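Before any questions on how it binds or moves, here is one chain, the form predicted alone, in structure tokens.
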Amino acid sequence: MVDKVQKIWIDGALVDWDDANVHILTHTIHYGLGAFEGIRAYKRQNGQTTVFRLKEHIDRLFDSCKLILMKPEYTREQIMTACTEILRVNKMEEGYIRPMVFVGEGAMGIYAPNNPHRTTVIAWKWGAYLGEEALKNGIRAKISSYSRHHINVSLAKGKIMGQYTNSVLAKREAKLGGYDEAILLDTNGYVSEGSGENIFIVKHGVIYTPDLSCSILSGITRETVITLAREEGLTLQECRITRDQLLLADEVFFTGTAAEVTPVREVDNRSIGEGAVGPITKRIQSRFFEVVRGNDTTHPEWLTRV
């Protein structure tokens, strides 16, 4: 349940929560064309609130819009300002920020080229996506019967609204089966990603993650973890990963803005390693939280003060 806040930013104006409505004929509700982002703001150990990798998220929002031939009516700078303003006006020291660009009401039918492209920014309080216990002890995952979109069927590098129906179905299947999260393979049977996370495995001290030519989102937390792992002196390879490599991994973890760095202790009823959070996962997780919330100042370019 999302806790109500005071204001939401819609098309350049701050609107009361209860007045932030759209018409039932909003085109995106019917056909799913639109782009969005998920961004986190953290209160650091020094008391400052910073938005993590705001520029990269807004750049990806614009990339997603380019892929689906949408042009936001606001600039990158205006949307970035809205992301920090929405935190200040709602007096939020930490929060999850959701910018969206969607097709408004007007013509109906698949082709509606003259409908307005609307923009909104919402913020709410959101703790650990899969729970604090998940961050500490890891989760149980199921390899889904649903495949990740083929690269000739959808635009995997876009964070596009309608494409997430696939993820919703995979997540529901996993939860109904008693698991915490789904892992999707691509149409060739290689490991792709979670329902809303990128995935990493560790074997014999080497970290592996699907490369960007695979059907995966180019995750900003994924890129962050790759950078931090290499700074830690760890060996990391971007390559295809098979189902059996996943099941025989010593460690597995998810990354994402919502999921942060979440360990996976079991996949398809098989323990990963010793069935507990592994040392490399702990090391990566610790460094990540030091950067976003602690005293690590090695990457000031990733932090936007509120």
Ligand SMILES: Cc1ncc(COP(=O)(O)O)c(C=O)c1O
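Each residue number is its position in the shown sequence, starting from 1. It should be emphasised that the depicted structure is a prediction, and the values quoted were computed from it without experimental measurement.
The same protein also exists as the form predicted in complex with this ligand; that form is not shown, yet it is the one meant from here on.
Residue heavy atoms within 4.5 Å of this ligand in the predicted complex occur in exactly one stretch of 195-203, 87-95, 106-114, 133-141, and that stretch is 195-203.
Heavy atoms of P263 never reach within 4.5 Å of this ligand in the predicted complex, leaving it off the interface. Among residues of the shown chain, T209 is not one whose heavy atoms approach this ligand to within 4.5 Å in the predicted complex. At the 4.5 Å threshold, heavy atoms of G34 stay clear of this ligand in the predicted complex, well away from it. Within this chain, L217 lines the site of this ligand in the predicted complex, having a heavy atom no more than 4.5 Å away. Contacts of stretch 249-266 with this ligand in the predicted complex, defined by any heavy atom lying within 4.5 Å, are made by T255, G256, T257, listed in sequence order.
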